[in-house]
Every structure is written in C-alpha cells, then in structure tokens.
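Next comes just one chain, in structure tokens: the form predicted on its own.
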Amino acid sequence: MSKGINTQAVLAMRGAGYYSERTAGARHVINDAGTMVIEALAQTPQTPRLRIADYGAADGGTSREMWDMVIGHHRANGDNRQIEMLYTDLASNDFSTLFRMMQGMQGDPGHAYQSRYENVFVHGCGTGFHRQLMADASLNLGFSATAMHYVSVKPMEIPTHLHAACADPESRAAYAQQAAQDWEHILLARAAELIVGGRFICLNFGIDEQGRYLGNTGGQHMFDHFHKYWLGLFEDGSITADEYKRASFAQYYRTMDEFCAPFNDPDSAVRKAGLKLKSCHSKLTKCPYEAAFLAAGGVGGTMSNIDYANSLIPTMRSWSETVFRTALEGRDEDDINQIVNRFYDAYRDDVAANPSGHAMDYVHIILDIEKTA
C-alpha cells in the first residue's frame, strides 16, 4: 500500500462562483441548519467578542445566506458584539470570489452581511481543516458543511472503481482507516481552538441508517455512472491506464457509528480533550434539480429532458471536476478540457435519454459537539 497520496495542493471546488451558483442542494442543507447554529451560539459563554469559523467553505456562497440570517438575528436582538468570521479552505481555493461575495461585489448583495452590518470582520485561512488553524481557546463556534468527508491523503488509488463507497474490501479498509485517523485529528484540532462551552456544528456527507449516501438513495447510482464513463474513456483509448487509476476520490463517507466512535470511548483522546457529542442524526435532502423537473411534469412536461440534464450535471461537475482534471495532469490544457467535457457530456446525454432516478439527493450526518473542559 502507498504511504499516501497528498492531494491537498490540487483539491478545490470549481472557482469564479461556479460552485455555489450550481449547488443549490448544499445551500438548502446549510440554510436549514441556521436555527441550530443560533441556538448553539445562544448557549455558549458571553465573551467580549464572537469568533466563528466556517471550515471547508469553498467560495462561501453556499453558507452566506445562513450567516446573514445568524448575524441579523444577533443584531436584531441587541447583540452588537464584534464578530470575526474566519473562512477556511485549502490554498487552492478561490478566496477572491469569497471576499467579493461577502462585500456584495458578486452574487446577491442582499446577503452580503459584511457590508450590511457594522463590526463584522471577514478573514480567510488557506490551510486544511485536518490541523489546528487558530490560537488555543479562541473560537466560540465552528461550523462545517459538506466538507469533512475529504481525507487528508489518499491511502491508495482504488484499482477497480473511483470512490471508497463502492471500492473492493482492501481499498475500502484503507480509506476507512485513513478517515478514522483524520476524524480524530479534526476533532482534536477543534478541541484546541474552542473556548470552554464553545460548539462545533458539523453537517457531513455520510452513510445513514438505511445505507444511503450522496448519489445512492434508491435510484441511479451516481458514482457507478462516474466510473462507467471514466472507464469508457480508458477502453476507447482516450486516457491511459495510469490516468484511469488516478481518478480515485479523496473521500470517505463515514457511518453514524464511525462518526460517534471517538465520543463513545471514555479513553479516547477526543473525550480526554473535553469534547462531548450533544446530538447526532441523519438527514436526507431531496435533489432540488429533480424536484424542479418533477414539478414541471417530469418526462413530457414543460421542462425538457435535456434542460433537466443541463441543470443537474453542472452541480455534479462543480465539486467532482477537479478529480478528473488532476488525473490528467501532464497533458495540454486543451486536451484536458476536451476529455473532461466528453466525460460530463456522456453523463448528460444519459440523463436526457432516461431521466428517471438520476437525482443527486444529499445524505448528511449532523453532529452538535461541545467543548466541556
């Protein structure tokens, strides 16, 4: 087995606002968590100022409406404390778009809270969340949505698929071990950053009690389709065997038991660091693109099959494209673009030909964690 394939320098959501503009499902999940965040902040100690961190925030667009609501709630209730917002992601992230969004220079200015409220300070941190990112005991509330399923390194390339959820037993075990180590590192880093009484709210992709996960909720299987089209490019000679193998996603979908394991062991480093799991539950969010298609009458309705496919594929592309582009590194940029476009066009044409079951439903495991000592 490889010692690990570090992907931290190349992983990123597609930039220039593409990710948040085409990821309505993630935004809906985050907006639904707004009340949970407000309640958690209300239960934290009254410090002179608030420091909040949004881990793995990409361009910030999917969570901006929620933070606007949270900050607006505080101001409407007479809480005029200074608020420091720290957005974190990898160095490859598009932070320039993030800063423009918060200042109302891009996207809907109605949610540009940095320009709407006084004493709100926005910062960016270009370091991955697997390590400590701020000073000890300086954070009131940490938040992360749809991010911490990424492992810090790929323990190996998956030989016969491209995602650990569908991998052979040896590959899945390797990713499970890496994910367990990463989860402990993530939690210990948050334990160091949080004040006593601080909270960490995590909405993470995972596998629910029924075995469902993103793209596998009873219809067509999204990752099997990704693999089919990528394998097809290898079989027709468009990509090499090495390029085919390098397209393993640096992801692992933990089960609820795997998320809860560090909290259930009284001797774990996480428990000894003072973290307590207040609640954990799963949530399925239906694909908004399929919902719009069905609301228009489905097949034969007012939205054509191709229009539905053209709405669905970009949301998949917004977070997955970097995997395939990275696998093709070393090629001419025009060649990479042509291959990647063919890959997604094949998926689009499949959806247009047979729209049934292609929804990208979201499955999240939602954890509320407290720093108790």
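In this text, residue numbers run from 1 along the sequence as written. Computed from a predicted structure; not experimentally measured.
This next part talks about the form predicted together with another copy of the chain, which is not shown.
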- [ ] Considering another copy of the chain in the model of the complex, find the one stretch among 230-238, 68-76, 261-269, 81-89 with heavy atoms no farther than 4.5 Å from it.
- [x] 81-89
TODO: Identify which of Met134, Ala273, Ala250, Ala147 has a heavy atom within 4.5 Å of another copy of the chain in the model of the complex; exactly one of them does.
DONE: Met134
Task: The unique member of Gln177, Thr285, Ser282, Thr127 whose heavy atoms fall within 4.5 Å of another copy of the chain in the model of the complex - done: Thr127
- [ ] Would you check, heavy atoms only and a 4.5 Å threshold, whether Gln114 touches another copy of the chain in the model of the complex?
- [x] yes
Task: Close approach of Met105 to another copy of the chain in the model of the complex, 4.5 Å, heavy atom - done: yes
Open item on the list: I'd like to know whether Val122 contacts another copy of the chain in the model of the complex, with contact meaning heavy atoms within 4.5 angstroms.
Closed with: yes
Task: Close approach of Arg51 to another copy of the chain in the model of the complex, 4.5 Å, heavy atom - done: yes
Open item on the list: At 4.5 Å, heavy atom to heavy atom, what parts of 267-292 sit next to another copy of the chain in the model of the complex? List them in sequence order, or say none.
Closed with: none
